[in-house]
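Structure 1 and structure 2 below are the same protein chain in two forms, each given by itself as structure tokens.
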Structure 1
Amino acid sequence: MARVRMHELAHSYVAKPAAPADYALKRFDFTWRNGGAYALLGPSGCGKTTMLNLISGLVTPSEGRITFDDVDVTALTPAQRNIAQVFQFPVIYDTMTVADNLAFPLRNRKLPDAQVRRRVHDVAAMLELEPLLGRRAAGLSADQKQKISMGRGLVRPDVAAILFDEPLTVIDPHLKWQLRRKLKQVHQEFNHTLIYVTHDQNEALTFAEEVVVMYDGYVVQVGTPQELFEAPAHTFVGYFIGSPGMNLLPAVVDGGRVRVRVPGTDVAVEGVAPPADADKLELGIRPEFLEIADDGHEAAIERVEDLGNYRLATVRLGEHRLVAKLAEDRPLAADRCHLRFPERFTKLYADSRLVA
């Protein structure tokens, strides 16, 4: 395993990039610690796969460099970097048995037969492939084949890092949580450096110790699932993570205070000073933290959706529509309510970025 460092890395598929829009990955400096479990999260086209391919060596960066444990690998091939990569679709040999597929990367490195058998057995047991070891891969299901593909990456004990590029896309939904659980077990047992690309927030938040959120080629936040949820550093993180996403309200500076203008009552944000040159100010609060109380800012209730173990109340505060997430047994009037904005969870954003 290795500590992977990206030194002022950027990449463009344009021969002579002249503007930020020409870059698939904007300038980024980050260290993936040895033995860490990370997720790269974002929508399609945000730069996740470009980032992964730069780490693996499939793509050479336009700018910056990459080091593994302080060794510059920027110009090295994937084989020279000793990287294992698991792709969206299974990469296996259909004519081989499951055991031979798992053993192939180890035999290529001419490891002793006893070590190969032991490692294959350990990984097969972890992924529940033991009953299939003697079967040819050709007749197996898509999820079984993807388990083999994942096992081929995990079986190598000396690998610098294992990269997963949306590996559960072809897996039946009810099996996804099982494979995520298996990956966490593998990480805890073998302590590989794992980087997992996904557009699915549930996959990212349940798998990773830290999540790298990307948007339009930028890394907009790196943090634990709790940090991303409680203190989104960018409005994109606020509405991309969470279901439903963060409520955002346009704000103004009035008399030195930040306010959301509502007829008859203004929502104020205390203790923060926005940058003087900000073009757009927004107040953000997650539906989980927006309180419906006995007093506060009066709002009209538009609809209430019962989702089994909780309810979603859509309310109108002046001209602004907000969503509050409520406990199933929380009493609620038919048409009117009062809202509170707890200071700890009410955030101010200037030009989409969090004001500390």
Structure 2
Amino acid sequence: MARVRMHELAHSYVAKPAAPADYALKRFDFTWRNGGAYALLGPSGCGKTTMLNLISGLVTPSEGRITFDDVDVTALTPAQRNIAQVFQFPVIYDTMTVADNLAFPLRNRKLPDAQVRRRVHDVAAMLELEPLLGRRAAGLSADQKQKISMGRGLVRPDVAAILFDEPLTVIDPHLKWQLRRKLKQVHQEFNHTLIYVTHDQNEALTFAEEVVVMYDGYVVQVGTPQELFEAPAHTFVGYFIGSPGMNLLPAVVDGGRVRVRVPGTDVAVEGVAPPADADKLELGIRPEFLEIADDGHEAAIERVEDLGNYRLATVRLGEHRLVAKLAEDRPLAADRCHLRFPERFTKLYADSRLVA
């Protein structure tokens, strides 16, 4: 187990990167806490897998350094770094039995037989693979194969970190939940550093203590699920986390105050000094926090969807369209309502980034 630090790290798959767009991962500093359970969340192509491969050593960064507990590992191979990684699609050694598959990483490191056997049995018990130990791995189902892949990651007692690259993509939904819980349990028991890549926010939020959100090669926010929800640091986080995503309204600066133009009743933001050089200002509020009240900005109700345990109201405020999430029992007039923007949850974004 180790604390993984990334110093001034950047990576490009282009030989001579020039523009920022050439970088799959833009320059950043980051420390993965020893024993932390992280989720790395972001859309496809945002650099998640690059990040993972940089940590494991499958990819050598074009700029910057990586240290494990202050030891520079930038030039080391995956085996030397002692990292475990589980891939999106199950990787198993077809000709081996399940037990041999699990023992493979240990045997390659020349561990004594007795210890190998003990570890294999421990991991098999943990992942409920015991009845299959003698079977050949080739004939098993996809989720059993993925369990074996995970088992190979978990079998080494001394790994610096275990990386998961969307490991549950091929797994049935009910097994997904089971395996995720298993992973959490394993984490609590052994306190490995776990980094879990996913583009599924539910998976990220239920698994992780801290979520690292990536977008377009940038790490846009690191925080607990609650922080991501209540104070998205980037409009992408607001839009990506939560269902439906954050309402974003174009804003302007007028008389030193930030306003959203609505005929008659401009929405003004109090207490925030707008940055001087921003090209684009946006006001963000989550549907959960947008209040429908008896007084406030008058808006027209366009549509109300009943989703069983809550309702979604689409309202029109001037030329802007917003979504509000309402409790089932909240009374609502047929066509008009009043909106209130609670100050605590109304955020200002300059060029997509949160203005603190």
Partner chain sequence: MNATSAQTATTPVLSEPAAARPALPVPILALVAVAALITAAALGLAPFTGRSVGGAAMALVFAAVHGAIAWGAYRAVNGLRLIYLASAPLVAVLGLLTGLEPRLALAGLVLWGVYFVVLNQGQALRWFGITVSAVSVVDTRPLDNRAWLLVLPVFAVVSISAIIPLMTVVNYSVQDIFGPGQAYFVGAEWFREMLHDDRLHGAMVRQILFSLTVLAIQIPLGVAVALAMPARGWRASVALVLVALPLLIPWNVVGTIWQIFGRPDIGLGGWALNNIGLDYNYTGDPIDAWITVVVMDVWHWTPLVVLLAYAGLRAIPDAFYQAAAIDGASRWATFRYIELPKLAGVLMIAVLLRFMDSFMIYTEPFVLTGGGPGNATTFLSIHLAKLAIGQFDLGPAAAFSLIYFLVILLFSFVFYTVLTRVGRGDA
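Only a predicted model underlies this, so the values are computations on that prediction, with no experimental measurement involved. When a residue number appears, read it as a position in the sequence of structure 1, where counting begins at 1. Here, rigid core means the biggest group of C-alpha atoms that superpose within 1.5 Å across both forms.
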- Query: The same chain appears twice here, once per structure, so which copy is the form predicted on its own?
  - Reply: 1
- Could you check whether the CA atom of N101 moves 2 Å or more between structures 1 and 2, using the rigid core for the fit? yes
- Item | Core-aligned C-alpha movement of V120 between structures 1 and 2, 2 Å or more | yes
- Query: When the two forms are laid on each other by their rigid core, does A160 show a Cα shift of 2 Å or more between structures 1 and 2?
  - Reply: no
- Give the C-alpha shift of L140 between structures 1 and 2, in Å, after superposing the two forms on their rigid core. 2.7
